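One chain comes next, on its own, written as structure tokens: the form predicted on its own.
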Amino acid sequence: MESSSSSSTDRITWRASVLTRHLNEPSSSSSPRPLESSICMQFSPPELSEKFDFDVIEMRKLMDGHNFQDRDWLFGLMIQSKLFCPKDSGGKVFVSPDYNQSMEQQREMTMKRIAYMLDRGVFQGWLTGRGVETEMQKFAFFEVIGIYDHSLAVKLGVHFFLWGGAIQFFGTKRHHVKWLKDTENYSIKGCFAMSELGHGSNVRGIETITTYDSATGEFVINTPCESAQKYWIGGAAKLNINGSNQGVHAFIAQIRDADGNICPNIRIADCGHKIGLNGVDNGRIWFDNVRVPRENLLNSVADVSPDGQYMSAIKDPDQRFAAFLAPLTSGRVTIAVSAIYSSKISLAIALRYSLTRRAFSVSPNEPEVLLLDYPSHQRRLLPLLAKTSNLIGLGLEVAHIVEFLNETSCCSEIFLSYLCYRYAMSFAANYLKRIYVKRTPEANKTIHVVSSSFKATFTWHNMRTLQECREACGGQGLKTENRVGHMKGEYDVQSTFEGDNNVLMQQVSKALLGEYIASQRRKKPFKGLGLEHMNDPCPVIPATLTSSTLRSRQFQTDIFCLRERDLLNRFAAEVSQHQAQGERKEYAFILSYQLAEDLGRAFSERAIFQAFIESEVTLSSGPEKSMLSLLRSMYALITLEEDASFLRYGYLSTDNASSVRKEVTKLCGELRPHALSLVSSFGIPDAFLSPIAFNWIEANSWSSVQH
């Protein structure tokens, strides 16, 4: 016991003497000695080492497609105002919403930002303007707003595209005169309440009932049960005339007075906190026999006379229902496009970070390797860039480094794949906007099918891109200020609003089947929806695929068309077989869902590829065209690699599939030196990215904490 006690005392005495010496040690200077800079990682701007072999401004014009000066003007307008929360970090100013604010504060800031832009004429002509130029400018402004904050864009989308769009397209002159100008000026604030607790994508199934009272000349709107409550705000109801259900129609109903108080016979509740979009005040609405004037029926498709007679030039209920839904495609168009810009933000941040962040050395005393010089990192992001640019030589030891990197991982290649997706989908988004703003009644089916497929494809891909970029940024991707991680919660909703993606893709396959059946019955060639290739002889894929063949535009076109052609034939045959066994057409379609999914994907990816080619052929020979050729090949081959249909149905042999994979790796190496110039072509100002895209060491320094 004594020995143990003595030992403890000795240890205490020794520790006390060490602490005393430490505390009393004379300091050579008033400030702490700096760490040796030679052993610390230093930030070096990638612009000092990366190449720019093509004109990024010209490439940006090709990708954005329109209204470049308008976009830059609105970017500048946001950066100038404190409402957009400018913050200095690492010697740069960044603008981004303060997501640490409460839900109520975020909503308040959304309305203040809208008021700021309203006062400066941003929304002028959004509802009262006419012509292609006005609509394209509206798209450009809306895309810029979405780059800053998804909540702000969604709030404006509900007001202008859904409420305002309903007045424009469902209404007639009396509604336009009364409502459009006041909506554009925000004298009236509107919402669009179609979704219900019990019915979202199935609009035909909504349960809200509207009955016409001919004695008073009013419609009576009622929520008959809890599942009929309007959910997520978003005014549609089934119309009963003399006891007959005439289907879904749209009405204007006032839910608040001029002072913001809830109107009689209306009940409203908040949807509560969400995983994202908390700057949007989503709500629920119950109608307790609310009366609205007969004139509040939006009557472009159908009307009711004062004595209660139902009138419509479209006698077929299905065609009438389709006419009601046609104007809603604007929502899918804007969602598809915003998904592209969300992916561009995350890729620009993740790729710029990977061009300055290093990890692991090839051998002792050698510099650590840049993340983007790992083949696996290239494969993570650069194909996505193409769908949306070989290792950098590191002196005389490049061969050893390549061998080391190939053995360790393949993450850079994935990064490069994501980069390529962005280019392809940008061109497809521009095509979608063009056919929408130049729409005619005859083009409604094409717009519906293309917007449905692109909305599903782009938003699914956006969530995949955000997750990949979040992981590629490591721990820094978790910080809200670095945007990428937080954007996952903000954009997740895109997969289900304005139509569940899986349901939309089934509609695409159903439309293609309809075209197939019509062509067979009429014994006439296919026309429309890009199916004209079905009239040509079936493409033949070479037994052996060389590198030059794989990069050939003809081969790429042939195999995309072969897949779509074969899957449409298979789908039609399977549905027909189920019907021959006694199943109803609709159920036969449901039973064939796997082929329907494959066909929907094949249609969408062929249409995207076609839009890419149409953009590429507009360029004369030069560095931009050469770069697009590389990106097009990356998009085509990564699609072949990722879709099991090409192997499942025998369009590629296993040997050829292996050749495709090797070619993708080669393309990643060829695109790697151009990664910075490719993301710079996105045209997103530095202020709308994040600190880790630039001097992330300075942004995390002790001085930044004190500041």
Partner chain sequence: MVSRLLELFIASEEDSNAKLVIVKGKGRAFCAGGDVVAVVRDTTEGNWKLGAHFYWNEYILNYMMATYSKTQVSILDGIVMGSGAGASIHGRFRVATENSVFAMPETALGIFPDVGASYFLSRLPGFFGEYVGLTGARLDGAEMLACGLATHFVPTMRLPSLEAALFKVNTSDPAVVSAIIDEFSQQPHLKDKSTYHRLDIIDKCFSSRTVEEILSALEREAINEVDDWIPSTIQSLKKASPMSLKISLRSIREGRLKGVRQCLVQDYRICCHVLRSEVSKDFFEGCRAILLDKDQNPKWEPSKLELISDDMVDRYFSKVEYDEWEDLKLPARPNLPASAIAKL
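Numbering follows the first chain given and starts at 1. Just so it is clear, the model here is predicted, and its values are computed rather than measured.
Although it is not shown, the form predicted together with its partner chain is what the next lines describe.
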Practice task
Although its partner chain is absent from this view, report whether Ala699 comes within 4.5 Å of it in the predicted complex, heavy atoms only.
Solution key: no
Exercise for the section: Give a yes/no on whether Gln105 approaches its partner chain to within 4.5 Å in the predicted complex, heavy atoms considered. Expected result: no
Exercise for the section: Evaluate Phe360 for contact with its partner chain in the predicted complex, applying a 4.5 angstroms cut-off between non-hydrogen atoms, and reply yes or no. Expected result: no
Problem - Thr654, heavy atom within 4.5 angstroms of its partner chain in the predicted complex - result: no
Problem - Answer range among 602 to 610, 472 to 480, 309 to 317, 88 to 96 for contact with its partner chain, defined in the predicted complex as heavy atoms within 4.5 Å - result: 88 to 96
Completion exercise
In this chain shown alone, the residue from Leu77, Leu630, Val493, Leu595 with a heavy atom within 4.5 Å of its partner chain in the predicted complex is Leu77
Fill in the blank from the handout: Checked Arg332, Lys138, Arg352, His486 for heavy atoms within 4.5 Å of its partner chain in the predicted complex; positive is Arg352
Exercise for the section: Taking only heavy atoms into account, state which residues of 98 to 121 are within 4.5 Å of its partner chain in the predicted complex, ordered by sequence. Expected result: Tyr116, Arg120
